[in-house]
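Here you get one chain, nothing else, as structure tokens; it is the form predicted alone.
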Amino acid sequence: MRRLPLFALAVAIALGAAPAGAQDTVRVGITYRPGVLPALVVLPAPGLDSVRAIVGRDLDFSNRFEIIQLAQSAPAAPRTATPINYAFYRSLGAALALELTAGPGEQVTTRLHDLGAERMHTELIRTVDKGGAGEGRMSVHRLSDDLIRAVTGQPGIAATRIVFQNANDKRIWRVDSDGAGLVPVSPAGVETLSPVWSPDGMRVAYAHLTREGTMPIVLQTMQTGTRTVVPTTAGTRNMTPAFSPDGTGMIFARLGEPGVALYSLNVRDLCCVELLTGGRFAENFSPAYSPDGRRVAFVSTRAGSQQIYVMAADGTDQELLVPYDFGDTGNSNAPDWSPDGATIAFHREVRGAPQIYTFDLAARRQTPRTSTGRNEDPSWAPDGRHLVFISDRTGRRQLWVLDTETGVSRQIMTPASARLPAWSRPIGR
């Protein structure tokens, strides 16, 4: 990562001091360019060690800042007449400084300082779990996202989670976006496939492989663990469910003879299954709604190989979207629509190994995003900038997060091989 020079920062930041004591005062608007990140230092925060560590990691994982780490043994900044020794932290190469102060109860005040202009630009006062443990970590993640939105005007990904299938026990697990909070979701002994979040983050849906060989769709409430088998899917074999953006509908694939077809379902009333695509002598699966709910991308073998098609949400107007490439690449799979509706992520076979691609809908242009190892099953973060996917580049199939703007990637460790990740919208909003 490259630090943003102070003269460039002066151009990028709109100056103007915040009124003393103001809450949610937004005076910073940083214009980001790929590969150019402002350097930020998180100041020591007595009594808030856990909050400081979580926020610093969240800002680092946002890929919008270069974080300057302060060593535990680093000398304290010399005292000055101003609350922050701007010159001292500038000398460390920082352009921005983040100050966290404990308030009464669970209140935390967050102030972002522009070191070049020597003034405070943003102040947020939030109620968080100062211990930063267990479910309390999510309140700290929300603080991080509020700060990122205040500075950049863009959503963050800290207060989100990822579900995936553990390849060893075949259960659905979940993990926070920073790799913490790893816990199983589905019951032990229940073999699962195709996990997906509801838009409100309150439930997950997945396919349950029963001993009888059927695969009903299960809705599970995250807070209580209550499981509901969708009645219209009992006794049949189903997979790859996808919620509509408003959470009232669902499209899923049903295995039949002699093919696989897509069906729609009223998930609110658990009724009213309708056939969308014919499945005779072809497989149609992995649906993904557009953000406005009007269009659906999916995979079909109707032309012989697995390719990505698109249709209206009622099954009409079906057409090939990402054509087969008879050169170096082959089958395409696992489409996921970006939150802004402009791009579809998917994986495609490249010389025998799957790689992550994105498809620009306006330009009709494909962009390869990975090239090392086997990489598959991408899922967009709610910021439309990050992707989670599965990669074996370190020897075992693990979760990886890619920042599509800078190309930076990071691994999320799981206890066993992982499969089929899905990224939630912000939790608790």
Partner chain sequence: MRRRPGLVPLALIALSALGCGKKAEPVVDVPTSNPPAPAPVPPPPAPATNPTDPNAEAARVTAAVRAELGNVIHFDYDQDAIKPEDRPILDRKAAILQANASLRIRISGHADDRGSDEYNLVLGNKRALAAKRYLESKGIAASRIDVASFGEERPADPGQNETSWAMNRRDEFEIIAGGERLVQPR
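Since the structure is predicted, the reported quantities are computational estimates derived from the model, not experimental observations. Numbering follows the first chain given and starts at 1.
We do not show the form predicted together with its partner chain, though everything after this point is about it.
No residue of the trio L48, T101 and E123 has any heavy atom within 4.5 Å of its partner chain in the predicted bound form. Heavy atoms within 4.5 Å of its partner chain in the predicted bound form are found in one stretch of 86 to 94, 154 to 162, 106 to 114, 191 to 199, which is 191 to 199. Between the options A180, L320, L270, A77, the residue in contact with its partner chain in the predicted bound form by a heavy atom within 4.5 angstroms is L270. Q220 is the sole member of S338, T358, Q220, T277 with a non-hydrogen atom within 4.5 Å of its partner chain in the predicted bound form. The closest non-hydrogen atom of T248 lies beyond 4.5 Å of its partner chain in the predicted bound form.
Residue contact check for L209: one or more of its heavy atoms lie within 4.5 Å of its partner chain in the predicted bound form. Mapping the unseen interface onto this chain, M215 counts among the residues with a heavy atom inside 4.5 Å of its partner chain in the predicted bound form. Under a 4.5 angstroms non-hydrogen atom cutoff, its partner chain in the predicted bound form has F285 among its neighbouring residues.
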